[in-house]
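Starting off, we have a lone chain in the form predicted on its own, written out as structure tokens.
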Amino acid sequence: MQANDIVLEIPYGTRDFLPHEAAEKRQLETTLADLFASWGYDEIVTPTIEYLDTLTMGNGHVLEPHMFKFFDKNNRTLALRHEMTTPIARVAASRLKDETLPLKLSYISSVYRYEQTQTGRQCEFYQAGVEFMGSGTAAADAEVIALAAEGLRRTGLQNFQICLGQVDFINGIMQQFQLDDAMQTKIKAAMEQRNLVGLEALLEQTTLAKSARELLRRLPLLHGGEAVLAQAYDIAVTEQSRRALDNLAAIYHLLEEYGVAGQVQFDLGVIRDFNYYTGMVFEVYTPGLGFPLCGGGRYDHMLSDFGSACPATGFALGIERIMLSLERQGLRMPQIRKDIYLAYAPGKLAAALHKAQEYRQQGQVVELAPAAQSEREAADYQTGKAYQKLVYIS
């Protein structure tokens, strides 16, 4: 490979945003930032780099192989943030611990995970989301779900489905059958990946009765409307599982008040891929995209791991995934605004400068020619760069 080829490459799992893509990204981010602020969420910005011990706090080291890690000059291990909830929990438990609760925080940031790149998945990607800290109520969970739905609508997406689950429902079922922690982890991983073949193989390794194995096979298939809750109540024996279902019912009724319930399906196989979730979890899907646009849930123990006990819930929206969904659904993309191309004849630069300033003060988007041009040259440039209007100073 030639040296010039290396210089022109970009690292694995990253991408360039060309001008029209950058304009779309910026518009989506501005729309979401304004929406979050209108619901009372304050924006927060945290470092891209954190200590590895911070990012793995309370979440074990399950995701450590997917992190970009390196060392500082004191040989402490650092990592690029792989999600935003943990850094925000660190800030809330330290610098914001004396603030009046609840804390409502929002962010729009890049995050990093080393994984196999495919459409909609990058090693560097962008998220927008909120964290609602200080309330353990169903009302807080309903608010973040409703806000996620409104965020998607504001970006232009209308056709999407919210899949709502509850971690404690599955945890209660596992306790019901007295499965050890290692087997629980494997079974949950198979359910989270929708790996029914792998789930079957794991169940065959257990000493569970046939009826118990059949029940666990059903869990990833418990998907649908309110009737699914009734089915789930029939198989929930432990108090933990029944309380989880009561919680889902309460959230659903509040989502009816928000006008969101029509887009909600219960999916009691949804677990999410972070093990810090403790209650309600949800994912949002749209046609033409085989992975979630948005995910989130309740994580009541994370701030305790940082020394400040506090219930919390939240979500993250994938910016690139929204952009991809808009493209695939043929929805209107934002256009780069180009109002005026202002060109000038030889000796007319000063007049052109003043005219450009005048137009800009009026709110127009103006590109000033870098040198004198003929009117024909200016017209060709205007057409090539798609400016709406040519102004020529002669």
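All residue numbers refer to positions in the sequence shown, first residue = 1. Not measured: the values here are computed from a predicted model.
If you look for the form predicted in complex with a further copy of the same chain, you will not find it shown, but the lines that follow are about it.
Could you confirm whether Thr100 comes within 4.5 Å of a further copy of the same chain in the predicted complex, counting heavy atoms only?
Yes, Thr100 sits close enough to a further copy of the same chain in the predicted complex that at least one of its heavy atoms falls within 4.5 Å.
Just checking whether Phe266 would be counted as a contact of a further copy of the same chain in the predicted complex - the rule being heavy atoms within 4.5 angstroms.
It does not: once a further copy of the same chain is placed as it appears in the predicted complex, Phe266 has no heavy atom within 4.5 Å of it.
Should Tyr258 be counted as a contact of a further copy of the same chain in the predicted complex, where contact means heavy atoms within 4.5 Å?
Tyr258 belongs to the contact set for a further copy of the same chain.
Even though the partner isn't displayed, in the predicted complex is Ala190 close enough to a further copy of the same chain, meaning a heavy atom within 4.5 Å?
Judged by the heavy-atom cut-off of 4.5 Å, Ala190 is well away from a further copy of the same chain in the predicted complex.
Want to guess which of 280-288, 304-312, 170-178, 208-216 is within 4.5 Å of a further copy of the same chain in the predicted complex, heavy atoms only?
Contact-bearing stretch, as computed: 304-312.
Between Leu229, Ala93, Leu152, Leu324, only one gets a heavy atom within 4.5 angstroms of a further copy of the same chain in the predicted complex; which residue is that?
Contact check passes for Ala93.
Scan Ala345, Val62, Leu331, Leu353 and let me know which has any heavy atom within 4.5 Å of a further copy of the same chain in the predicted complex.
Contact check passes for Leu353.
Taking heavy atoms and a 4.5 Å limit, what residues of 125-156 are near a further copy of the same chain in the predicted complex?
Residues within 4.5 Å: Tyr126, Phe132, Ser135, Thr137, Ala139, Glu143.
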